[in-house]
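Just the one chain here, the form predicted on its own, laid out as structure tokens.
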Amino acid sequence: MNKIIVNLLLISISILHAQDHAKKETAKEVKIEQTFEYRFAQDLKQTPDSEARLNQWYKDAKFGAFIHFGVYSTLEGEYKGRGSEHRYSEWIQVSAKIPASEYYEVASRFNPSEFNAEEWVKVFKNAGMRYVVLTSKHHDGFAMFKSNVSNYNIVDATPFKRDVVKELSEACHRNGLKFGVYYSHAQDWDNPNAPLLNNKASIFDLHPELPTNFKADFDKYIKEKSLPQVEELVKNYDIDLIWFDTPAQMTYERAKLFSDMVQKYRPNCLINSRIIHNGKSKIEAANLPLFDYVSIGDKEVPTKKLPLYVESPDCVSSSFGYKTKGNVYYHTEKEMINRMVHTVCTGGNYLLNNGPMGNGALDPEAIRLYGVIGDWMKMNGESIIATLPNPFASRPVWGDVSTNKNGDVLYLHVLEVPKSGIVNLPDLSVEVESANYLASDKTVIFKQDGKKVKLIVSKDDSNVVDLVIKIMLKGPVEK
């Protein structure tokens, strides 16, 4: 009898354990399914106009520089001992609850005298970047260009008196780079009528002078500041791309005002999805006429091919604006090259941010990291620029794959060399003609047996950040 009871207890415990294990496995599956790819319905398709604009230069460019630069750069993530706990230093006005009147004082001392557009562009071009996107107005409402809409700008409100957007735009185009601007079209902490996306601060923290019964009028803000400033940018500057952000309360009708304004003056200018979708919201098919490509979440990397063309906004450090106060760290060159490779091999662009210092000079660590990436790009850029995504059904365990436009050249990005030293490439229905290391042109030993290809990697090369193998095929690979 006792044995029967014990056995029943053991069986019950086993069942409960199995159920618990199943719940955990189910939870894991649910968590996996909540990754960003599931924001995309598989039948989404860019409009013909968007495809035409993307094909002019953007899909070939692959690699760009993102720049968060403004008044906040001078504070380096902290104000009077406050705000350093926030990850992004460019949010210092709300994280430190700085009243607009005090922030004006900070702005009045903003004098980035070491800013040199040509030097910046030289660094970006040397890194292998093909386009540049600068914050023309971030959420603090301060414009980095001469604006007749609001004198709260770098020309009228600071001792610097120079138009950073104009100088950088001209330097980019002189040196063969495309130029775009970031513009915060919904958030504007200088204007009480704009939405405030921060539950730790209120509009009354930033504007204590407001009456307690104040009610924001978002459409008034759009009409009087946001939309007119976008008009200034697209009318007065040579802009190839406009990067909107944090579209709080942005309905289709409101977003269309901005899209129409851009297309009116610059029909070839690209527009990103954050004109109406935030980086992590579900992409609605009805909104596709408003934008050309999708800006996914900050620092996100796609893990598979998506139905729409995407861009990953990454950063050399944990903060997009320059930060030295509080918890801040830099990513390694290996991390960034890996993320660029995976983004490009899934069919997207990689936009790598740096936050210049308050004096106008580029962050020295960003320069160093850009330099390392540039050295890698000089030897391996062929596998990134003007390529097509991985033609196979899944990403290989050792890294990723891109192809040339004809599909008769494969670029194997061996990010983690297998301990065996053998890189397997299954399901290749085309005969391999040759295999070489892209950086050195040295021959790679390979063996092909039907659809299976084995490549033997030299042990001397196993510590390379991304070992790129160029495979010449006797015909285009099937996709």
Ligand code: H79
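Start at 1 and count along the sequence shown; that's the residue number. What you are looking at is a predicted structure, and each value in this text was computed from that prediction instead of being measured.
The same protein also has a form predicted together with the ligand, omitted here; what follows describes it.
Checking 240-248, 116-124, 204-212, 329-337 against the ligand in the predicted bound form, the stretch whose residues place heavy atoms within 4.5 Å of it is 240-248. Put simply, of K405, R109, K200, K282 only one has a heavy atom within 4.5 Å of the ligand in the predicted bound form, and it is K200. Here is the short version: of F142, Y182, Y103, F258, the single residue with a heavy atom within 4.5 Å of the ligand in the predicted bound form is Y182. Contact annotation: D292 falls outside 4.5 Å of the ligand in the predicted bound form, judged by heavy atom distances.
Although the partner is absent from this view, W398 stays clear of the ligand in the predicted bound form, with no non-hydrogen atom inside 4.5 angstroms.
With a 4.5 Å cutoff on heavy atoms, F69 does not count as touching the ligand in the predicted bound form; it lies far away. At a distance threshold of 4.5 angstroms between non-hydrogen atoms, E90 is in contact with the ligand in the predicted bound form.
Contact annotation for 261-299: residues with any non-hydrogen atom within 4.5 angstroms of the ligand in the predicted bound form are R274, D298, listed in sequence order.
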